[in-house]
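Here you get one chain, nothing else, as structure tokens; it is the form predicted alone.
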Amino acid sequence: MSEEKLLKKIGVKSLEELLPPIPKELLFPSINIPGAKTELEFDAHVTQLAAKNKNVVNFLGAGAYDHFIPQTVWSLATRGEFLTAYTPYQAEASQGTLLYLFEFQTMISELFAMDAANASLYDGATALAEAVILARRWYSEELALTPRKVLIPRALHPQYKATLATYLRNLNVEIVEIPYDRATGKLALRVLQNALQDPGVFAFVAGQPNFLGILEDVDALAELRQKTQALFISVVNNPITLGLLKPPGEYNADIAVAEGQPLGLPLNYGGPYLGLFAVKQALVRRMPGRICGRTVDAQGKTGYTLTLQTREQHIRREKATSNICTNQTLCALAATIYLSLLGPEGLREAAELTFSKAHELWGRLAADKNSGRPLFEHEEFFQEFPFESNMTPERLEAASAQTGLIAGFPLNRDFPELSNSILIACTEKTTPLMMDQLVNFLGRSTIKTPIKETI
């Protein structure tokens, strides 16, 4: 079928109508690709391009974090024996690949205190979407009820919301947002409790911490789960937080998902990232993706195999739960090496350092009234906190471009009620000098310096 017929069939006039999330200026840009060069010429050209990059002081988090990565992680992950196809199928998956995916699953299960984890999904956003689809299917098949609504927090990552809306567009599911308490930043539990009275609600989602960085009352969420048939899906905002915080399995979550990027993956302008997905035992056979298992062969030797495959390529189409398979093996390998190097004590140390530095910065900014003020004036956050600046987000961005300091994620784009507010993130890499620069940037020199409004 021609492109013209395909577009007519789905009711759009042009290909561009299918790409609304992409800014127009980035669609089909004119790319200046130079002609063929010698190796020396190419090396000089790339060096010239690289020199345009500026070192920045970064307090940007919002789902992707600049944590320390031991050099050993990628020295091992890029060894020749680990190189394989991007998507290893059964016949292509070596025993080594199956072994480290088995270890990856084991570590994620232990980290989340859940019964089982799969061999990875695309990223945290798609992991959440798959979790909601799993809950919808379970609610319909196990309870013989009609699943109509899923409850999500307003303080959920905006990109996760967009991905979820795309996945559910044709599944006749209503997405209902539960607000956050304007005084505390936490999920409005009374509103959630009332919403769960609707028999059409098949799942509710909560982040820990939520997108605004605030720690939720997970024990209260566990109590709500006991009073409803809807499944509880926990979004772990950063798996390193589990070095200090209670894992989802200990507060009665049915499904736990997370973005695995902080576990040894550098910031790469949006990916590739790593979706983590874990469930209680009762939901294991409904999981998307694959599970690698350990067994013994005819001679009694230990071997590894793909134990569960839910993709339509391998089973009857009506039995398929997802078209995702063993997709992020290189990222999963890096996460496995990272977790094995740090161990429980190392993970706790990374979490403690991150936590203490974020709270030190919060205290310094809170004490400097010229900077602005922290929203939700309490200290119940892990590594990110929203801060109301004395500058507009546009002025902040212009100042950031001038100074090479990214103060944080502007919240007004997705949360108009939080005007002039940014989400500031710290990691264990945040230094006292960086804090000095941010405090000075927000509180003194930049405000008094006229800034050309470039945005």
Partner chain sequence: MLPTLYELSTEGRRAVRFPKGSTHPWQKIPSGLLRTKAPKLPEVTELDAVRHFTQASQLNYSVDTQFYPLGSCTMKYNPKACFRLAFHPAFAGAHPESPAWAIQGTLRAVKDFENGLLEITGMDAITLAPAAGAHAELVGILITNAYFRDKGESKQRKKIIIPDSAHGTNPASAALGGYEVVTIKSNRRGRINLEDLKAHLDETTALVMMTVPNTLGLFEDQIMEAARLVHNVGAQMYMDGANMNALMGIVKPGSLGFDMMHLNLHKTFSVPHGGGGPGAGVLLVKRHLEPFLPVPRIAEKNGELTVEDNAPKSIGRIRSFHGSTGNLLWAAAYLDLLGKEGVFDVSKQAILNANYLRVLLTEAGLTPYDDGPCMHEAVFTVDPKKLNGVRTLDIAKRLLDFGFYAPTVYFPLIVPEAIMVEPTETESPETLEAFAQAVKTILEEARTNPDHVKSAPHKLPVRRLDEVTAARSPVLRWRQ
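Note that the rigid core is defined as the largest set of C-alphas that superpose within 1.5 Å between two forms. Residue numbers count along the first chain shown, from 1. Being a predicted model, the structure only gives us computed values, none of them experimental.
Keep in mind the form predicted together with its partner chain is missing from the figure; the text below concerns it.
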- Item | Close approach of residue 216 to its partner chain in the predicted complex, 4.5 Å, heavy atom | yes
- Message: in the predicted complex, does residue 336 come within 4.5 Å of its partner chain, counting heavy atoms only?
- Response: yes
- Any of the heavy atoms of residue 393 lying within 4.5 Å of its partner chain in the predicted complex? no
- Task: Consider residue 436 of the chain shown here, and say whether it contacts its partner chain in the predicted complex, taking contact as heavy atoms within 4.5 Å.
- Result: no
- Heavy atoms within 4.5 Å of its partner chain in the predicted complex: which stretch among 155-163, 228-236, 193-201, 139-147? 155-163
- in the predicted complex, the one of 366, 175, 107, 188 near its partner chain [non-hydrogen atom within 4.5 angstroms]: 107
- Taking its partner chain in the predicted complex and a 4.5 Å non-hydrogen atom cutoff, the residues of 61-77 making contact are 61, 62, 63, 64, 68, 70, 72, 74, 76
- By the 2 angstroms cut-off, has the C-alpha of residue 43 moved between this form and the one not shown once the rigid core is superposed? yes
- Query: Can we say the CA of residue 431 moves by at least 2 Å between this form and the one not shown when the core is superposed?
  - Reply: no
- Task: Spell out whether the Cα of residue 34 moves at least 2 Å between this form and the one not shown when the two forms are superposed on their rigid core.
- Result: yes
- Task: Specify closer or farther for residue 39 and residue 75: how their Cα atoms are spaced in the predicted complex versus the shown form, given a shift of 3 angstroms or more.
- Result: closer
